[in-house]
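Next up is one chain by itself, shown in structure tokens, the form predicted on its own.
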Amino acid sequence: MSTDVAIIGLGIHPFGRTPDKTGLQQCAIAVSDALKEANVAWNDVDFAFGGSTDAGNADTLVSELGLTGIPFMNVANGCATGGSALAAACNTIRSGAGKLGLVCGFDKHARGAFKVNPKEWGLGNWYGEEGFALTTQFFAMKIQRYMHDYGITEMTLARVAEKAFRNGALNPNAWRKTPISIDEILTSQMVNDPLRKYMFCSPSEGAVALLVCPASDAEKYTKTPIFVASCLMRTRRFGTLEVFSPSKAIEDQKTVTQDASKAAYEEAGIGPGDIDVAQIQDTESGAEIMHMAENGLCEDGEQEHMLAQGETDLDGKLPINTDGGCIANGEPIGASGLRQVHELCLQLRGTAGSRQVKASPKTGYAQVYGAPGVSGVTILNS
């Protein structure tokens, strides 16, 4: 098991809407909090990786933090930006090219759904004309097939959303802090069958910053380091049905998340049964259900029973998306993957407050998924 990198500082700016601050300013606040937690100054940081889709280049944070000449690399990997930035930072530490690194992600999206130009993704206008560029329709089509194949019901979709809002109500940094009942979810507006209004996340704002260093140096900065057992990302294979895929192979192929998950478990030297708490991509309710299986946390179809029995609740066998996930926090693209890791660090430290998992978790799992078929997986140990 590789545990040669430690996370020694955390910072987060609340998710949601912050009209009086730019995305860069929100990220500067998160970075400042991470620096304070590790008791270091900005000019102590050797290198940085960060990303944003709509709120500016991450490297321009130096205008807010200080012009120190730091090597600062912009990362752009869709919703997997944060996970990819952390993987790059871990590799920098392992290579010996840096001793103290910043990883950050932030965004500030306009209200409404994400707008997509198919040509920017290597596709023709036909893709949009057929409706596939409308991601709500794509996700609905994908979960429809999964529900048909594995017996997943609409009630299970609603249970995912109910859990998200219930957990979000316990998270001071979440956007949606009001619990929503199963009945209200099941009677909310249908967006794309079978996905209803309260089953989706929304574009939002927010920022997260992490400080990383060699594990051997961690005690210089904190008494509660969290160690990176694996952190990597993968891209899609031919024939899989991913966001912006123009076709699907007749025979099922391994998804990008299955590839990333398998590689992460192998690098960490553990299996799915060793995971105590997980954060997985929940762009909408169906995504969480499908990703449970793709990450090896259950078999296809077992989600129906697991959700009905509360096994993914805070006090369940395998708590999932304990901070409310994307459904309660919204999705600022650059920050989502790092929000997952931030939450796992709190859980593994035992400092997650009223949403703290009761079983004193030791191993956490994060998976972030983005267009056009990129998946990042991080496994952490306390």
Partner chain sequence: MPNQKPVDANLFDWPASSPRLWGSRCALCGNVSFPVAQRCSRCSHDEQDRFHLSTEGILWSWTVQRFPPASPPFPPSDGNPFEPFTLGYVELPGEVRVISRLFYNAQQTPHIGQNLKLAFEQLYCDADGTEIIGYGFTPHGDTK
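Residue numbers count along the first chain shown, from 1. On a predicted model such as this, the values are computed, not experimentally measured, just so you know.
Keep in mind that the form predicted together with its partner chain is not shown, yet the notes after this line are about it.
Thinking of 113, 136 and 250 as the candidate spot, does its partner chain come within 4.5 Å of a heavy atom on all of them in the model of the complex? Yes.
Its partner chain: the contacting residue among 187, 224, 144, 202 in the model of the complex [heavy atom, 4.5 Å]: Comparing distances to its partner chain in the model of the complex, the residue within 4.5 Å is 144.
Which pick from 73, 155, 241, 97 sits with a heavy atom within 4.5 Å of its partner chain in the model of the complex? Checking each option against its partner chain in the model of the complex, the one that comes within 4.5 Å is 241.
Is there a heavy atom of residue 130 lying 4.5 Å or less from a heavy atom of its partner chain in the model of the complex? Contact check for residue 130: yes, within 4.5 Å of its partner chain in the model of the complex.
Evaluate residue 193 for contact with its partner chain in the model of the complex, applying a 4.5 angstroms cut-off between non-hydrogen atoms, and reply yes or no. Flag for residue 193 set to yes.
Partner proximity in the model of the complex: residue 148 to its partner chain, non-hydrogen atom cutoff 4.5 Å: Residue 148: yes, in contact with its partner chain in the model of the complex.
Is residue 140 part of the interface with its partner chain in the model of the complex - any heavy atom within 4.5 Å? It does: once its partner chain is placed as it appears in the model of the complex, residue 140 has a heavy atom within 4.5 Å of it.
Any idea which of 263-271, 290-298, 117-125, 277-285 reaches within 4.5 Å of its partner chain in the model of the complex, heavy atoms considered? Heavy-atom contact with the partner occurs in 117-125.
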